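A single chain, nothing else alongside it, follows as structure tokens in the form predicted alone.
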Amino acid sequence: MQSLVIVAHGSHLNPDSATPTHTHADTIRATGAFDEVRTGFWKEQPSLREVLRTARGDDIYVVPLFISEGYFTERVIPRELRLEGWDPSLWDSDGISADTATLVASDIDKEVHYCGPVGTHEAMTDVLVRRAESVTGDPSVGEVSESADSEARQTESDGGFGFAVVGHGTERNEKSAKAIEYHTERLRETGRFDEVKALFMDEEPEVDDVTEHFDSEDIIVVPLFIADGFHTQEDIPEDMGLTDDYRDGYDVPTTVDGHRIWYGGAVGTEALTADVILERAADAGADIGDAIARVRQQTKPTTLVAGD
């Protein structure tokens, strides 16, 4: 019997913080890949300290729904789950390459496969691309195609598409910045977008000046955050000039300094994030059948969302 436990931060203040966790858990449950899928939180119920007590599986896979390695993934979660003998060196990671460590959870006297965070898995790059497709309502956004439709799109946006991956910045969390740079480089290597750059809230290059960092007429902006909250819903839209007051809302896209800004919000709210959780568990040895292919197919955007 296989159990999947998705662990996340949660919040006492933001009621939407846990929504992506529950949504992705439901998506994975629907695949039937695991006998049970449970969620645990640092700031909400069920708590990290209690969640393993409810897991019934002989094989338990714990996947942190966090962006980066760091304080929570290396200290808080292992401590709260009571993983005996845990040490960050077991991941043998350079800050973005954590994989799996198998340890005994003393509270339940069972082995647990403790996986690296979703945010540093290579599949998160695909989620960023999917977010670009969702926010523009165009499954071919950024691609150069022979088709008439694609040619028309390229003509309409003759400046091409830029892509900004946004994070806090190294002053706040050095490993978080590593994740930003990692996915920025992977996106750049695809050659799909004319420009791909990492921007930050707390240091240069700053997201406040997004239009100064791109020549592209259209700029897709996606924060590498798990859930929408104060930063993604208030700070970033106002700092970029999409609105003077987030409570008044803003259009997608919004024209700022002659550029169209397609703001996507936190990438972790994209439905395809469920795929990354499955990838982490599969890398740790979980037998998930065709669940990854099914989630990728089921989470494809089916309607235009831009401007909704």
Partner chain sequence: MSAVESDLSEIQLAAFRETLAEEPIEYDGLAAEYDADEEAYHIETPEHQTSVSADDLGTVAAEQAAYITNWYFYTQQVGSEIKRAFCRWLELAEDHPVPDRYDALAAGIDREWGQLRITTTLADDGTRRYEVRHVDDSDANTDTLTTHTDPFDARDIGTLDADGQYRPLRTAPSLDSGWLFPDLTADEVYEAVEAFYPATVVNWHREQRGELDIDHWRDEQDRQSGIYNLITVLPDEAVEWATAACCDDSQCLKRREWELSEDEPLDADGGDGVFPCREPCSMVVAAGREWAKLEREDTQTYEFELTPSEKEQLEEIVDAVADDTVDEIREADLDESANRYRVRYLREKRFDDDGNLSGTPTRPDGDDNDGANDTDDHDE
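Positions refer to the first chain, counted from 1. Just so you know, these numbers come straight off a predicted model, no measurement behind them.
Note that the form predicted in complex with the partner chain isn't included here; everything after this is about it.
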What stretch, of 238 to 246, 251 to 259, 50 to 58, 267 to 275, brings heavy atoms to within 4.5 Å of the partner chain in the predicted complex? 50 to 58
To verify the annotation, which of these, Asp209, Asp107, Glu181, Glu203, has a non-hydrogen atom within 4.5 Å of the partner chain in the predicted complex? Asp107
Quick one: does Arg82 come within 4.5 Å of the partner chain in the predicted complex, counting heavy atoms only? yes
Although the partner isn't part of this model, could you tell me whether Ala293 comes within 4.5 Å of the partner chain in the predicted complex, counting any heavy atom of the residue? no
is_contact(His12, the partner chain) in the predicted complex, heavy atom dist at most 4.5 Å: yes
Would His22 sit within 4.5 Å of the partner chain in the predicted complex, counting heavy atoms only? yes
